[in-house]
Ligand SMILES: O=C(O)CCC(=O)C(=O)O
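What follows is a single chain, given as structure tokens, in the form predicted on its own.
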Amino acid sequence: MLNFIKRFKISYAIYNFFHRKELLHNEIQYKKLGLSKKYYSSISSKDFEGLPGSNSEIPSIDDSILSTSKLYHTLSSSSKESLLNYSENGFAVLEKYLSEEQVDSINQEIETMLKNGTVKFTNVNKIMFAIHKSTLLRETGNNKDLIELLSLLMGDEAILFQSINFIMGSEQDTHSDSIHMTTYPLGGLLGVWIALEDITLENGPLHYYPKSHKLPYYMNKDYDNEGTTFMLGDKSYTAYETMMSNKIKEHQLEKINFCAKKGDLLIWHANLLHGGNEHLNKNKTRKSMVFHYFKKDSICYHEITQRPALIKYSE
């Protein structure tokens, strides 16, 4: 019964109505596009069909662009090469981005916040938005040299809006972030994942599929989940996961397990298919930290639930 009630779009609209501050930025963009939407209205990819920029192109990245980045010049040759191949592969790996001392400080910060109740686990193993509770984590995600580099990859200013910390592996099935954190124009998002300890096949490494970001953005309509004017679609998330599994087979995509070293950083495109492997040895932790960044002035929403994203910007 509860799940049926949650399918009514008005239930989200009522909730959104009381979060004007976190949603008003979208209404400004709606007006520019000529959309008859209030800040609390439901929104989905269907609303942007036919509008200019609904299909975002992947920016071309070369040495002349990256050489303007201060961070780029401090990286290893393999990290530089990875960034130069970002447009083609949809990801880049920065080796030893954080020092052991920096990682240890972050781990200690998370441990302290968990002990004193400043942060708590949600969805079993996620610590959400710790950047709003910790200056150290917020400054890590907002490092000016990192922001500068990410902005070059996005083709516009990158803005930090979300963090997730893990103690154990996520074990999340393969997906594109664009179904969960959707933007208009599409592709206005970057993910950053940092290993807070050495990661092996035992403790559930991240996995990704190179070049999968070039596939279409698979949305509600692609698995018959658009719903109606007043109701959300009735398909389960499993239906989306099944679709993605079939797409991987159809396009014969190669899976890469990211067995990272402590301090390594992975950047991925909004549409890159990725997930978390099974955490085989539960006696071992898999400490990691995720940041998500939106492109400035993007309209941000959740495609599945057709909710505009509540954004408390982190400064």
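None of the values given here were measured: they were computed from a predicted structure. We number the residues from 1 along the sequence you see.
Beyond what is shown, the protein has a form predicted in complex with the ligand; the following relates to that form.
Q: Kindly indicate whether P185, Y217 and Y301 are, all three, within 4.5 angstroms of the ligand in the model of the complex, using heavy atoms.
A: Looking in the model of the complex, the three residues P185, Y217 and Y301 all stay beyond 4.5 Å of the ligand (heavy atoms).
Q.
Although the partner isn't part of this model, could you tell me whether R286 comes within 4.5 Å of the ligand in the model of the complex, counting any heavy atom of the residue?
A. Judged by the heavy-atom cut-off of 4.5 Å, R286 is in contact with the ligand in the model of the complex.
Q.
Considering non-hydrogen atoms and a 4.5 Å limit, does the ligand approach F48 in the model of the complex?
A. No, F48 sits far enough from the ligand in the model of the complex that none of its heavy atoms falls within 4.5 Å.
Q. Are any of the heavy atoms in G263 no more than 4.5 Å from a heavy atom of the ligand in the model of the complex?
A. No, G263 is distant from the partner.
(Q) Whether I248 contacts the ligand in the model of the complex should be assessed with a 4.5 Å heavy atom distance threshold; does it? (A) Contact with the ligand, no.
Q. Taking the partner as it appears in the model of the complex, which of 24-32, 255-263, 38-46, 272-280 has residues with heavy atoms within 4.5 Å of the ligand?
A. In the other structure, the partner sits against 272-280.
Q) Of Y86, Y97, Y208, F166, which residue is found within 4.5 angstroms of the ligand in the model of the complex when only non-hydrogen atoms are counted? A) Contact check passes for F166.
Q | the ligand: the contacting residue among F161, W193, Y240, F91 in the model of the complex [heavy atom, 4.5 Å] | A | The option sitting close enough to the partner is W193.
Q: Can you tell me which bits of 162-183 touch the ligand in the model of the complex, meaning any heavy atom within 4.5 Å?
A: Heavy-atom contacts to the ligand in the model of the complex: I164, F166, S170, Q172, H175, D177.
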